[in-house]
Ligand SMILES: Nc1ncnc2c1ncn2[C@@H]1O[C@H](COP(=O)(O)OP(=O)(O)O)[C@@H](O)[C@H]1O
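Okay, here we've got a single chain as structure tokens, the form predicted alone, with questions on binding and movement later.
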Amino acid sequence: MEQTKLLDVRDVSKAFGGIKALSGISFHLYEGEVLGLIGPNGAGKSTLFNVISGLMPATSGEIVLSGRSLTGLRPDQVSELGAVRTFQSASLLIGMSVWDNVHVASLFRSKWHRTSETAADCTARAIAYAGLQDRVHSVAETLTMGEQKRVEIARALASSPRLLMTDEILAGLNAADSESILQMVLGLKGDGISVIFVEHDVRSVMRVSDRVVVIAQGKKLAEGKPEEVARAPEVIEVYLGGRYAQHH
């Protein structure tokens, strides 16, 4: 069965003055696929997310979502087309309840869901998926770190995305909270939502991803199935050093 391509990143570069944060990055993402994105600190992962989500323009190259170019679009316009992201730190609306935090995001949901579901429907569905029904009326910043990260995911899901990009959503979490979120990510595939999953915990990335892209110093280093990427000498060298790669 032929897979349908959802996202196409074509030769994308991003420069800040004379510094190239991204250099000729290309990859694609299929519908209902989890794509892991890994690389050492400073590799350009967050910059790539910023470019895809419209927070900053690419210097060159093109990003296409379901046949529509995202070039020049604002973050809210990208969200309306179905691509949303989370951030490394949960950016909660202080003083507001869990419901209100998620409900705000539902107002920016994808256009094709505005006729089939109300904003309240989207909010309730996202909160239930994140397992936060018992915390609906709690003030968001009083939640535990794990719960706050689930609010972040719920807000993204309330916008009814086709593509969810998670930026180190597991950072700072204990094993139980991490496992809960990993199960959420795996469950999204069954709902037809594609995910780009960025984490420093390589084992978690390899576990949930259908394919993995590795970037280092702003360039794509490797791409393939998790087991293939894990054995690639150039990937081993980046993470464990050249001497280790030579002996394994």
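Computed from a predicted structure; not experimentally measured. The first residue of the shown sequence is 1; numbering continues from there.
Not on display, but discussed next: the form predicted in complex with this ligand.
Within this chain, Gly42 lines the site of this ligand in the predicted bound form, having a heavy atom no more than 4.5 Å away. Using a 4.5 Å cutoff between non-hydrogen atoms, Met56 counts as a contact of this ligand in the predicted bound form. Looking at Ala21, you'd find a heavy atom of it within 4.5 angstroms of this ligand in the predicted bound form. Although the partner is absent from this view, Ser204 stays clear of this ligand in the predicted bound form, with no non-hydrogen atom inside 4.5 angstroms. The stretch from 44 to 52, 60 to 68, 182 to 190, 28 to 36 that comes within 4.5 Å of this ligand in the predicted bound form, counting heavy atoms only, is 44 to 52.
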